[in-house]
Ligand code: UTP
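The chain below stands alone and is given as structure tokens, in the form predicted alone.
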């Protein structure tokens, strides 16, 4: 078993084409679609920070520039706001930048969309022989304890890859990565098999993999050896399946909290309303407004 190391880095792969959001995604990357009054990416970065992680490696496409600009200061804009005496807006910007002040952000390019495993692999140069968190941009977790913090706590016990799991109705599972599991304790499972987008008769449990993981150095070793599949992609779930077949231990933890998906337009809209109605600034007026819609 590997010597346990503290998790201080997280990968956020956001280089996908966002085809389910066309034509919107032609001009705005899906991680910047708003949820209440913040873009999806801000919720993900906040969760990472609140989980005690202080370095993020973004995997972006060559066309993506927005993330680079979003989290850095805008001196020219601040000068204009100061000249116009917009102190409230200046205070809001200052609070935003202070919130993420201690986070180191690095950007790497995925030149072509060759799968989520390939995207994660692009961050390998910034990951030493250490475990790392991974957060996909399609998923927001609304929870009292940050999702990654939950997985990190499990990792400290098992010292092996840990996958975030959630339960779904059986008819929804074929669109996800299903898992066969052996229960170890409350919410904790040993993963026995991963079935990506299973047929109804292949569903092994009502648990599916969602976009939060703790990845160990051996995952990267397998990613480096992986050959592209039928679609020309290196897929993380397929690589993890290979590891299981070769006797590697992988664990799954059923995360506490609400899983808010943003992978297509309808899921994003549902998540938008959920978070808006949870926000004390907008909750009551939004509730009143929704009642007026016939």
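Numbering follows the first chain given and starts at 1. These numbers come from a predicted model, not from an experiment.
We do not show the form predicted in complex with uridine 5'-triphosphate (UTP), though everything after this point is about it.
- With the partner left out here, uridine 5'-triphosphate (UTP) still marks one of 183-191, 201-209, 107-115, 124-132 in the predicted complex; by a 4.5 Å heavy atom cut-off that stretch is 107-115.
- For the residues 214, 179, 219, 119, the 4.5 Å heavy atom test against uridine 5'-triphosphate (UTP) in the predicted complex is passed only by 119.
- Taking non-hydrogen atoms only, residue 10 never approaches uridine 5'-triphosphate (UTP) to within 4.5 angstroms in the predicted complex.
- Uridine 5'-triphosphate (UTP) is not drawn, but in the predicted complex it has a heavy atom within 4.5 Å of residue 31.
- Mapping the unseen interface onto this chain, residue 137 counts among the residues with a heavy atom inside 4.5 Å of uridine 5'-triphosphate (UTP) in the predicted complex.
- Uridine 5'-triphosphate (UTP) is not drawn, but in the predicted complex it has no heavy atom within 4.5 Å of residue 286.
- Shown here without uridine 5'-triphosphate (UTP), the chain has no residue in 266-290 lying with a heavy atom within 4.5 Å of that partner in the predicted complex.
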